[in-house]
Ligand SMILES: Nc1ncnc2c1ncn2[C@@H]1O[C@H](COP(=O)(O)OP(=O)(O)OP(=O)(O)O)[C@@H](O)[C@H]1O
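A single chain comes next, written as C-alpha cells; it is the form predicted alone.
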C-alpha cells in the first residue's frame, strides 16, 4: 500500500529524515515510535504530501507520487486519511458541516448522501447526538473522534494518525484509542505516530523505532517490547515503560 524509498528531509539545517526506507502492506498497522524530534511526524507528513521530501520517492499502491504535481497529489491524498494532533476542525462550522464539506467538494457527493454517511459515521464513533454542535462545545476526545469520522468520509484506503492523543487529557485518551482499535479490527491499513506504548503493543502489526531521522529498529510488538535489539531502543523503553 505504501512504500518509501530513501526519504530525506531537512528543516533549517536539521535533518528530520535521513535516508529512510520502509513499506506497509494492506491491512498492516504500523506504529512509529521514538523520542520527540526523531522524524516520526515528518515521515507521516511526507507520505501524505504535507511535506515534500528533499530526496527519495513515495509510492501509493505501487504508483510513484510526485507531490509537486497537483493532480497526482490530489489522487494520492484521496486514498489517505490524515488525523492531526490538534484536530484541525473548522471552528465556525457545526460538526455536520465539518463532516460534509470535503466529500461534497472533492467526491461530488450530494448533500443528502453526505449527511446520511456523516450520521452513520458519527454514530459509529459515539457522537450521533453532536451533529449540530460546534467544536468549542466539544471535549478534546470528542473533537478527535469527529476528526477521525471526518477522515473516514473520504473512503480512505490508508489512515495516517499523527500523535492523535497527545493533546488530550488522560481520561479522554481511551475513547479515541477505542475508535482506532475498531478501525484496526476492521482491517484498515494504518500508520500511527504515537507515545501510547500499551496501544502500540496491543494493536500494531509492526513497530518502527526512529531516532535522529533514521529507522533504528523495526520488529513485531512482542519482540520489540520484550527483546529490543539495539541499545538505543532498550534505553528508550526503560524510560517509557518503567
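Positions refer to the first chain, counted from 1. Just so it is clear, the structure is predicted and the values come from calculations on it, not from any experiment.
What comes next is about the form predicted in complex with this ligand, which is not displayed.
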*Once the site C-alphas are superposed and this ligand is modelled as in the predicted complex, is the result open or blocked, blocked being 3 or more ligand atoms within 2.4 Å of any backbone or C-beta atom of this form?*
open
*Could you check which residue among 195, 181, 26, 214 gets a heavy atom within 4.5 Å of this ligand in the predicted complex?*
195
_Within 4.5 Å of this ligand in the predicted complex - does that hold for a heavy atom of every one of 14, 37 and 41?_
yes
*With the partner removed from view, which of 184-192, 63-71, 199-207, 29-37 is the stretch that lies within 4.5 Å of this ligand in the predicted complex, judged by heavy atom distances?*
29-37
*Please run the contact check for residue 163 against this ligand in the predicted complex: heavy atoms, 4.5 angstroms, yes or no?*
yes
